[in-house]
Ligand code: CDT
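Okay, so here's just one chain, in structure tokens, the form predicted alone.
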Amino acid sequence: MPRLVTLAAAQLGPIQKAEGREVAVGRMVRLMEFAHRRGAEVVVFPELALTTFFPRWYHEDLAAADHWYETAMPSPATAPLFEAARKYGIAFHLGYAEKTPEGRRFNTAILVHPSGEIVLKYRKVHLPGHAEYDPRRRVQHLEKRYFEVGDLGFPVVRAPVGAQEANVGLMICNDRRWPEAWRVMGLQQVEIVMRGYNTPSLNMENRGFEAHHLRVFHSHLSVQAGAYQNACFAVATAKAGTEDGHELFGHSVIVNPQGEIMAQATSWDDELIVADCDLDMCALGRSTIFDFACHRRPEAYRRITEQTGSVAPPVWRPGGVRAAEQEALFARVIRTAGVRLG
């Protein structure tokens, strides 16, 4: 029998800076009720779903931004979400700003079981933007100021999702653009990747024009490629609309292991999209094109983990021995790794 799971992406329209958490939570509870009516078994909410995207604003003193963070989960403000999960028997994914008891700050996401237990926590690894005020930018993007790089890696857990058990992983926003994040979870046989995002319709670095339509295209391209190349479903849920005068592009999607979009949001407001997903679809890619055990060659990928910034390649000149040098170097790598060729 197929391993069917009904997944829902609960896109949120804008949350204005002046609005309290109770406004956002009330809207999210309403979306959970809609999800229950439509048979969803898990609901994925966006990144930083409880507040406006506060890294737009610069505070010299980090303590001035403390009111944007959650110090406990659940909290009195978020308790209605946990109550709705128990009432409707629905799991949910929530993105929020976390401040730990030690005072560390992270951009965090959790997966919550219908019982209210936290199944999985992830802290964003690929932080975009900058740490100091940048006068060149039309809008600041200060994630590197307000958050530390996540310290939990990219964990995957096998957990109940509705009537099925599924291998679930989490990522947040910019992580989708980094294939390494998908592959680390793919190597753990991930079947469902849940991800929230708050992505502006315009590139705010002001270093050249990026066409409006390409912002959405690049987002979808990253998710579709990640799902296809790691044989998994992906739920990518946005904040959308004009938030404090700044446009977020929305376009939440649910994608299957063939890289196809199964459902897509069409508004810039609160919107629920739902898809029935057969987790057995993950088996085809995992056992053929992306049979990692048969086809991966990690001995040839060392540069990926040993290097961060890009470097220029050597220059070829007539009469050079570059090809021979490259072949000899690769052979040494192979021998060091204990791999036999042929």
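Numbers for residues come from their place in the sequence shown, where the first is 1. Just so we're clear, the structure is a prediction, and the values are computed from it rather than from any experiment.
Heads up, the form predicted together with the named molecule isn't pictured, but that's what we're talking about next.
Within 4.5 Å, heavy atoms only, which of A109, C173, V255, V161 is in contact with the named molecule in the predicted complex? Among A109, C173, V255, V161, a heavy atom within 4.5 Å of the named molecule in the predicted complex occurs only for C173.
Let me know the one among Q224, N167, T199, Q264 whose heavy atoms come within 4.5 Å of the named molecule in the predicted complex, would you? Filtering the options by heavy-atom distance leaves T199.
Segment that reaches the named molecule in the predicted complex - one of 176-184, 234-242, 96-104, 268-276, heavy atoms within 4.5 Å: One stretch meets the cut-off, namely 176-184.
Can any non-hydrogen atom of P114 be found within 4.5 angstroms of the named molecule in the predicted complex? P114: no, not in contact with the named molecule in the predicted complex.
Are any of the heavy atoms in E41 no more than 4.5 Å from a heavy atom of the named molecule in the predicted complex? Result no; E41 lies far from the named molecule in the predicted complex.
4.5 angstroms heavy atom contact with the named molecule in the predicted complex for H220: Close contact is absent here: in the predicted complex, H220 is far from the named molecule, nothing within 4.5 Å, heavy atoms only.
Given that the named molecule is not shown alongside this chain, does G129 nevertheless sit within 4.5 Å of it in the predicted complex, heavy atom to heavy atom? G129: contacts the named molecule in the predicted complex.
Across 46-83, which residues bring a heavy atom to within 4.5 Å of the named molecule in the predicted complex? Read in sequence order, the residues that approach the named molecule (within 4.5 Å, in the predicted complex) are E47, F53.
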